[in-house]
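Encoded as structure tokens, the following chain is the form predicted on its own, with no partner shown.
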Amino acid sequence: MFGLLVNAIVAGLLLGGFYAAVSVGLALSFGMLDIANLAHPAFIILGSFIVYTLNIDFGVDPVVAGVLALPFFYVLGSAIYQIYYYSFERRGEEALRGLAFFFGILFITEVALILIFGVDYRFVTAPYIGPSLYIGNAELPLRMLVPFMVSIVMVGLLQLFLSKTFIGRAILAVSQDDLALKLMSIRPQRIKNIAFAISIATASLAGACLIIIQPVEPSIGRDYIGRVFAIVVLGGMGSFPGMLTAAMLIGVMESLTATFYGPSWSPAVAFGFLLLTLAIRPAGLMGR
């Protein structure tokens, strides 16, 4: 029983690390820029299929493929923000019509992937997909451990970027008071463009993490829409440490529930925990 509990907690922590990789981009776009990017999971699936193509056709390691795809996703994110800004944000219509815009991107991306790859599940190959490490009674599957490590590095680098660089501090500033940036002769639109492009770029590595953990098909991103928004809100809008903590908590809650009560109960318990936490602390775990 004790061994089962330990393995459930370890599996939950590894799962939480993956959830952090999936949620970090939304923590930047939704938590800091107030852009409710419903299409973020679709970009993650797009990243998975690009990683799949590079892995199967050219033998590129999935993590390396995710890194190689980063510039493409950054440019894609910058282009999408330009369309979003000139069509909605500049006119003050970003609330409802902006949601419809991203909802449309979600379905366009999904349909395009279905037309190109079909509806079959796709998977990648790598030396670390299959083996496990053992520390005492705890099993650490490498297919979960590698995405966990990638996620922690990605979140850590983004946190350093935000806190130590001029552009990073400008992103933090525009999330709080864009008028102050204008007084410093810095265009908030330019800073938001960079921040949103970075948020989409994270989908490249998150997609690599996803397809390492499990096979993917074009519509699987829908399973993560509610979960990633819940993690961002639970952690506290715009807080990377809070987002990481919330991802770990949700991962452990889901793992414990699946282990002792069955996987069908996992989402209900996780979202029940979210509602209870927000009822006690509406700003989230580490919200400002």
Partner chain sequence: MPYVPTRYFCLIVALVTIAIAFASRLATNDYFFFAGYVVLQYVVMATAWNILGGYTGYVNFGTAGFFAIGAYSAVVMHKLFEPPLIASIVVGGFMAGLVGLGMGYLTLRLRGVFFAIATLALAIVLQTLVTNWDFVGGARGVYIIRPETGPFGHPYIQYLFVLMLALSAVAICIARAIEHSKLGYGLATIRDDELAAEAAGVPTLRLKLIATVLSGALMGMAGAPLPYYVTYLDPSSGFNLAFAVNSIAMPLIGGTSSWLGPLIGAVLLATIQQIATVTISSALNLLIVGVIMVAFVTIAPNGILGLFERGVRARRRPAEKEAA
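Quick caveat: nothing in here was measured; it's all calculated off a predicted structure. Numbering follows the first chain given and starts at 1. By rigid core we mean the largest C-alpha set that fits within 1.5 Å across both forms.
The next section is about a form of this same protein that is not shown, the form predicted together with its partner chain.
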Answer key, its partner chain contact in the predicted bound form at 4.5 Å (heavy atoms) among 172, 79, 140, 111: the residue is 111
Residue (of 50, 63, 248, 237) lying close to its partner chain in the predicted bound form, criterion heavy atoms within 4.5 Å:
237
For residue 74, is any heavy atom within 4.5 Å of its partner chain in the predicted bound form, or not?
no
Is residue 11 close enough to its partner chain in the predicted bound form to count, meaning some heavy atom within 4.5 Å?
no
Close approach of residue 241 to its partner chain in the predicted bound form, 4.5 Å, heavy atom
no
Answer yes if any heavy atom of residue 190 is within 4.5 Å of a heavy atom of its partner chain in the predicted bound form; otherwise answer no.
no
Taking 38, 96 and 107 as a possible spot, do all three reach its partner chain in the predicted bound form with a heavy atom inside 4.5 Å?
yes
Only one of 141 to 149, 80 to 88, 194 to 202, 120 to 128 has residues with a heavy atom within 4.5 Å of its partner chain in the predicted bound form, and that stretch is 80 to 88
Do any residues of 227 to 258 have a non-hydrogen atom within 4.5 angstroms of its partner chain in the predicted bound form? If so, which ones, in sequence order?
229, 233, 237
When the two forms are laid on each other by their rigid core, does residue 59 show a Cα shift of 2 Å or more between the shown form and the other one?
no
